[in-house]
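Take a look at this single chain, the form predicted on its own, given in structure tokens.
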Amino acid sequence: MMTFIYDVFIGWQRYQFVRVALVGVLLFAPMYGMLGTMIVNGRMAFFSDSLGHSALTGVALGVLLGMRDPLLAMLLFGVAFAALLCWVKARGKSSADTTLGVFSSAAMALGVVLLSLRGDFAKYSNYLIGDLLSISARDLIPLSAALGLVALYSALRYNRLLLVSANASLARSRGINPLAVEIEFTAVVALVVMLSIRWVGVLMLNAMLVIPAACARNVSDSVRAYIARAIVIALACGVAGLLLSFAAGTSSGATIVLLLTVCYAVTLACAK
């Protein structure tokens, strides 16, 4: 027990890979906090889940094209998939959750089939769970750029997206194209999802995006407090989950999600 406590508070500092992973968490947790508030406001939780599932197809395409690192293929496919998803949802006669369910299942199945054909599925199965401790110092550069992009997008587009989510008809009357706004937002989410999926994992990603915002919504009475608390919750649970998982030898992503779930239960109990 003493060894566990030591590793949580002090022992991790001896290992460079843990220090690098901690910086990575400090970079992507605020992104998830900011994007999560917009996802929850727009009732788009299934969107981020579908984008996460599509990552396997992006990986498969990268492998088929002979790329050593499939990140570029994932990014391009993710943005294209997000745009197609928004277009079909807007044009289709089925409900949004039905459309998203179909796309989510199809994207993941296609990725598994393509990787299975080449016998590479086992090699890339780590994308399902992720590994935060595998973040390298080189990975911090695109993560920093992505954080800047998300912060800028949130500052410039938050009110517009909020209006579209609340009343699409009112948005149209003010010259705003709801479909264009939705495609733009999902493209940003797709970029963040594809960039971080190998560390967070397909199965844990949606929870990390949605739960911090859900926690903050329970205890916030203004938009500013809502965003700030979502970021703080994402950061606190991200850092605590990483250090606890290192000391206990458990999956980092799953540990963070469990902490977020506890946080949600606490905020739900405190909600007025």
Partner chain sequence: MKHPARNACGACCLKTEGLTVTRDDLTILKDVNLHVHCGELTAIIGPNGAGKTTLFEALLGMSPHEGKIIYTDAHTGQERTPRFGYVPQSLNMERLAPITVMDFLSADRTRRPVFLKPSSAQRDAVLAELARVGAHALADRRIGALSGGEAQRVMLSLALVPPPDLLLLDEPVSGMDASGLEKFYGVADELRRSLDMSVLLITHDFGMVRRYADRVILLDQTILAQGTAAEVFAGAAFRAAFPGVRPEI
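Positions refer to the first chain, counted from 1. Quantities reported herein were computed from a predicted structural model and do not represent experimental measurements.
The same protein has a further form, the form predicted in complex with the partner chain, not shown here; the description that follows concerns it.
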Note to self: Which is the contacting stretch out of 188 to 196, 122 to 130, 69 to 77, 170 to 178, given heavy atoms within 4.5 Å of the partner chain in the predicted complex?
What the structure shows: 170 to 178
Note to self: Check for me whether the partner chain, as it appears in the predicted complex, comes within 4.5 angstroms of all of N41, S154 and L163 - heavy atoms only.
What the structure shows: yes
Check: Among the candidate residues A60, L205, M34, C237, which is the single one with a non-hydrogen atom no more than 4.5 Å from the partner chain in the predicted complex?
Finding: M34
Next item on the list: With the partner chain left out of view, choose which of N159, T98, S144, S134 has a non-hydrogen atom within 4.5 angstroms of it in the predicted complex.
Entry: N159
Note to self: Is V223 near the partner chain? Define near as a heavy atom within 4.5 Å, in the predicted complex.
What the structure shows: yes
Next item on the list: Report whether the minimum heavy atom distance between I227 and the partner chain in the predicted complex is within 4.5 Å.
Entry: yes
